[in-house]
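Single chain ahead, by itself, as structure tokens, in the form predicted on its own.
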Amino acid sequence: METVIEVKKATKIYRPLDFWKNDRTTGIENVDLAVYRGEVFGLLGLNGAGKTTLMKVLLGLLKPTSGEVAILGGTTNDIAVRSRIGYLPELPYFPKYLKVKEVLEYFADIFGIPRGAQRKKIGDILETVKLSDKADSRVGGLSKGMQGRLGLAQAILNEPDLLFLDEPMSGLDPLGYKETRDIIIDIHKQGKTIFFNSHILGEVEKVCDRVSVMHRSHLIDIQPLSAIMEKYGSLEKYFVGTVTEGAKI
């Protein structure tokens, strides 16, 4: 299997902003991880476990204090690598006065998509995220679920090989869960690799090929979902058991 994310002994230590203070906080410690092409990989953990730090290190938004991180055979310092990555933050924000299509036109310009090709590209993406009828709507008039789907639209506009989703179902209602889950499944069917973290274990259970658990800055376990379901019967039982066992860290 081709490896698209490879992490070796990655550690991130946050130093205090005030130079006279000596206290430091460990975001992640000695993380080893491999994610393979075409899989949906889920990252689980309690609040403060280090999930967001790890994702930011993978994206190149944070530089690890030590260790190595390889993405798509290179690093995020390489513009060519970054152009093959999509990212949906937990709380995507777009100016409320812009129309949906104007938001995507802005990102299309950033991605270097020719103006002549943008109309069709944006139309196809809006259809994928089920927002075709909202192209001329203002962002401020969208529901939270629709704004999340707009965030997904900008994340896949450049047809990324690797897609990062940070809590894509946060704050959604049950219908929003289903709509977002269906979109993720559709993207996966296109052969994309998806890496995401979520607290919604029932939804993770429905889309992931493998899951991992972070606890107190350590990546303490990685398992195929099929093995978890066979042994534990549910992702919740696996997660609770793994975190309880990892409490000694």
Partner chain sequence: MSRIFAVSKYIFRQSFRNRIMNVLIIFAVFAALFSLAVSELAQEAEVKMVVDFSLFAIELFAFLTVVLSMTIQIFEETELKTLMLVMVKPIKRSEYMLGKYAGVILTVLMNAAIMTAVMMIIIRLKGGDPWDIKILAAVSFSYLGICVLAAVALLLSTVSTTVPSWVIYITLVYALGHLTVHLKNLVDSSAGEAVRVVVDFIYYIVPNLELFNLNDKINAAAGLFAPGYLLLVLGYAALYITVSLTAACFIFDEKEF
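The structure displayed is predicted, hence computed values, not measured ones. Residue numbers count along the first chain shown, from 1.
The same protein also has a form predicted together with its partner chain, omitted here; what follows describes it.
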query: Residue contact check: R115 to its partner chain in the predicted bound form, 4.5 Å heavy atom; finding: yes
query: Its partner chain contact in the predicted bound form: S132, any heavy atom under 4.5 Å; finding: no
query: Exercise: E105 in contact with its partner chain in the predicted bound form, heavy atom 4.5 Å; finding: yes
query: Its partner chain contact in the predicted bound form: G141, any heavy atom under 4.5 Å; finding: no
query: Stretch in contact in the predicted bound form with its partner chain, which is absent here, among 170-178, 119-127, 85-93, 67-75 (heavy atoms within 4.5 Å); finding: 85-93
query: In the predicted bound form, the one of V35, A49, L59, I183 near its partner chain [non-hydrogen atom within 4.5 angstroms]; finding: L59
query: Any residue of 97-130 that, in the predicted bound form, places a heavy atom within 4.5 Å of its partner chain; finding: Y97, L98, K99, E102, E105, Y106, F107, D109, I110, F111, R115
